[in-house]
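Coming up is one lone chain in structure tokens, specifically the form predicted alone.
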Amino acid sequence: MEQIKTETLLSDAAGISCAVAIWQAGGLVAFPTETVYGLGADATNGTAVARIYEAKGRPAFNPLIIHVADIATAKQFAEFDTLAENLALAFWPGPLSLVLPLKTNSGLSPLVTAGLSTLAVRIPQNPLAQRLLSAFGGAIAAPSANPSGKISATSASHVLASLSGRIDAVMDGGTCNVGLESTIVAPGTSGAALLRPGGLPAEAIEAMLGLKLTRQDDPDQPTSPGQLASHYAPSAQIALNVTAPDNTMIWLGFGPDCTGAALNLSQAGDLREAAANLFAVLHEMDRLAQEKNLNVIAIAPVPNTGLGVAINDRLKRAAAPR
């Protein structure tokens, strides 16, 4: 694709006005949320949404999440039943996306939903994202701001390293404090389905609902983002649950017992810290692997509870055949 100049915007009033003007003109602006940086475009502008797919090299059958400033705006585009309303009131703003029936005559580009009759929507908690979305006043389609299948971006520098020349601007809002993409849930008539684990632990949702979430995940027919089998991948290969790496590997540790690891997701074994560090550490491990001429990043076991479920989901997809 044709290279364009990518501008870095400050997180002040002038930067926000510039970002909104770019969106209104059909451009692409990457911006921070509490989860990861999103690559945003006006969700009602088909040409702008097509540019997201082009910039990321994203498969057209993989739907996008829209980001809005408030529940009233969300209801312009999606149908809410009582369960959806309760989930929104409990967890928005925050790292939860809901997959809901698409409203008739929503005005959204069909590219946003990949032709499905459902829509993924969320209200981010990040204060800068809130100000941006309020200033725009509509729906911004925003997958993670990285090439499709590669490691997600949790800083403006990550975005620029992979998308500079492909997008109009990035709004620098520092690092993302959650560091994992949103949890995606589809409310239904008989409960709710977990489509993607993420920054909101499933246990918190189940405690609020008083019932267990079912699990739906079909990589061949994704109904939400983050369901492709191979995703979040560094250049090096990934080996999971490694406790004794050999000399052909560079080792990523978790917890206090990983002496000799090049880096550690959380020396204290804190899953929240590990989640916040995950993508930034994978970027750095990939760089170190290339520097040391090693082809495998070996990763220590991470407990599969709480946020560990989402961490292991991302690592499994990063390790999948490409």
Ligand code: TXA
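One rule holds for the numbers: they count along the sequence shown, beginning at 1. Every value quoted in this text rests on a predicted model; they were computed, and no experiment measured them.
The same protein also exists as the form predicted together with this ligand; that form is not shown, yet it is the one meant from here on.
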Please pick, from 125, 109, 73, 118, the one residue with any non-hydrogen atom lying within 4.5 angstroms of this ligand in the predicted bound form.
118
This ligand isn't shown here, but in the predicted bound form which of 159, 171, 132, 195 has a heavy atom within 4.5 Å of it?
195
4.5 Å heavy atom contact, residue 58 and this ligand in the predicted bound form
yes
Give a yes or no for residue 142: in the predicted bound form, does one of its heavy atoms lie within 4.5 Å of a heavy atom belonging to this ligand?
yes
So, residue 274 and this ligand: in the predicted bound form, are they within 4.5 Å at any heavy atom pair?
no
Partner proximity in the predicted bound form: residue 63 to this ligand, non-hydrogen atom cutoff 4.5 Å:
yes
Only one of 239-247, 81-89, 200-208, 175-183 sits within 4.5 Å of this ligand in the predicted bound form by heavy atom distance, namely 175-183
In the predicted bound form, residues of 23-37 near this ligand [heavy atom within 4.5 Å]
33, 35, 36, 37
